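In what follows, one protein chain appears twice in different forms, each by itself as structure tokens: structure 1 and structure 2.
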Structure 1
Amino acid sequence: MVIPYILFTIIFWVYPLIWGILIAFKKWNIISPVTEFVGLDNFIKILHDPLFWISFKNTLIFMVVFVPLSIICSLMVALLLNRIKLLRSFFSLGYLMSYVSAGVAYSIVFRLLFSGDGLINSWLGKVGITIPWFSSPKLAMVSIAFIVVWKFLGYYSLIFLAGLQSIPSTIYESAEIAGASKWMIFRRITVPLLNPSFTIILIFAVILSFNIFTEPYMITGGGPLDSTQTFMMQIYYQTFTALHAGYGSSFAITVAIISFTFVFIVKKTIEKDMIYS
């Protein structure tokens, strides 16, 4: 019964992973079957590549905005959905629609909405305000982070909602009998017992931050002044545009190691075993 899944994993995951690792130590232009072994030269080159460090800085900027904002907003939505007794599934599905939206399609829509002469700036212009959402190097990555928050709001909210519904109601009843305020119940009971949900969402958000591609590629193309260059855009460029497949593969492996390091730190820092008593 598991043979089809094992074959799928070997063909589409294990084999490409091993092949990619081997290519990372070679110089290859994709077109020619000839490869040249260069050892660790590709990895050393990454450390001296200015675009690597620019992409790293942009990723940190994106993460600083996206991670806390997505957690706060999705938790608020989950708390609201948890209070709804009628048509809860309908409203949950409505929030989830953004997550299933095609990345290219909604990126184009937001690019038009937030352009210099777009609908948003037209409304803001009535009160004398114009914001360079995507044309300012200081705002471009932040603006993209806001858009990605919108996309994943529903998905993360459902994770929090599942966590909220798994908390036994008897715990809340005991706290209310003891005279605890709503804020104390939220801070001392709800938030600690949502630790598994916080852990999952934080891990997902960190991984997403290192793998962001569609939105900056479609909206800004990495500009202005490389302020929205990302790791995935550099991997795509080096591999399929510059035809430096070996360097692109080493770039991808380096980014994966950094990403897994961040995930490991997050997991070890916040994950706790939850025991309901």
Structure 2
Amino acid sequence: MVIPYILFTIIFWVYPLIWGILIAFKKWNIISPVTEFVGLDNFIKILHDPLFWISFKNTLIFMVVFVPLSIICSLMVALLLNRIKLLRSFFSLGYLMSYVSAGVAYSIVFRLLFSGDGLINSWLGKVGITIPWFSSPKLAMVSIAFIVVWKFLGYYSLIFLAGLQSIPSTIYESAEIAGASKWMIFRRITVPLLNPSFTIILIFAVILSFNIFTEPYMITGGGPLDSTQTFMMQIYYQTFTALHAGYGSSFAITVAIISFTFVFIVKKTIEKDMIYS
């Protein structure tokens, strides 16, 4: 009964994985039957590729905005949801609505809504400001981070909420009796006990940051001035437009290694074993 799975995995997982690693050391334009072994040349080329560093910088900008903002907002929503009983499932489902939106669809919506002459700016115009959301190189990546926060807010909130609800209420009661203030309880009890939720959300958020593609592709096309180029977009252009399969593959491996490193750091620094009866 496991044979189909094993066959499938060999054909569509193991084989591509190995093939991908092999061609990373080759120069190949897909169309020609000739491949040339170039050793580590592709990887060295990456380090000298300005677009690699630009994508790296953009990914970091995205992360610096997206990670704290999504975590703070979703934790707040989860704390609020945890306080109510009436309408709780209504609100949690409401917040989850953005999660089910399709990437292409919400990219179209936000591009129009936040465009230079879009509705948001026409409202802002009434108080005399216009914000170049996607047309300023300084702001474009930040705006993209904002809309991805919009998409994942409800999803992360639900993970936090599940974490909050798994904390036994007796722990709060005993802290309250011990005379801890609300803020102290939050700092010393809630946050440490939510560690598993923080860990998983951080890991999701980091992985997601390295996989951003649809939003910049649809909204900005990587511009303005390459300010929204991402790793995924680079891999796409290198391989499927420029047909540099070897280079694209080594690019992909480099990105995978970087994202692994980030996830590893996150796990090592914040994950703690949490066991309470």
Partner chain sequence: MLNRSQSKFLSLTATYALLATGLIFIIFPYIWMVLASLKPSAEIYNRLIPTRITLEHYRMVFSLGSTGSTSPFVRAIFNSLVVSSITTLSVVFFGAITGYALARLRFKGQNLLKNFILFQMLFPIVLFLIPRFLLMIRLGWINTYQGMFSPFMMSAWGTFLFMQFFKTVPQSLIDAARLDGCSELRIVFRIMLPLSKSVTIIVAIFTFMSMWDEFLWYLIVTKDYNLMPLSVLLGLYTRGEYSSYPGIQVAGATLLTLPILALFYFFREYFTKGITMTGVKG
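What we label the rigid core is the largest C-alpha set whose atoms superpose within 1.5 Å from one form to the other. For residue numbers, the reference is structure 1: its sequence is counted from 1. Since the model is a prediction, treat every value here as computed from it, not as a measurement.
Both panels show the same chain in isolation, but it is structure 2 that comes from the form predicted together with the partner chain. With a cut-off of 2 Å and the rigid core superposed, Thr9 has a Cα displacement that reaches or exceeds the cut-off between the two structures. With the core superposed, Ser32 shows a C-alpha displacement of at least 2 Å between the two structures.
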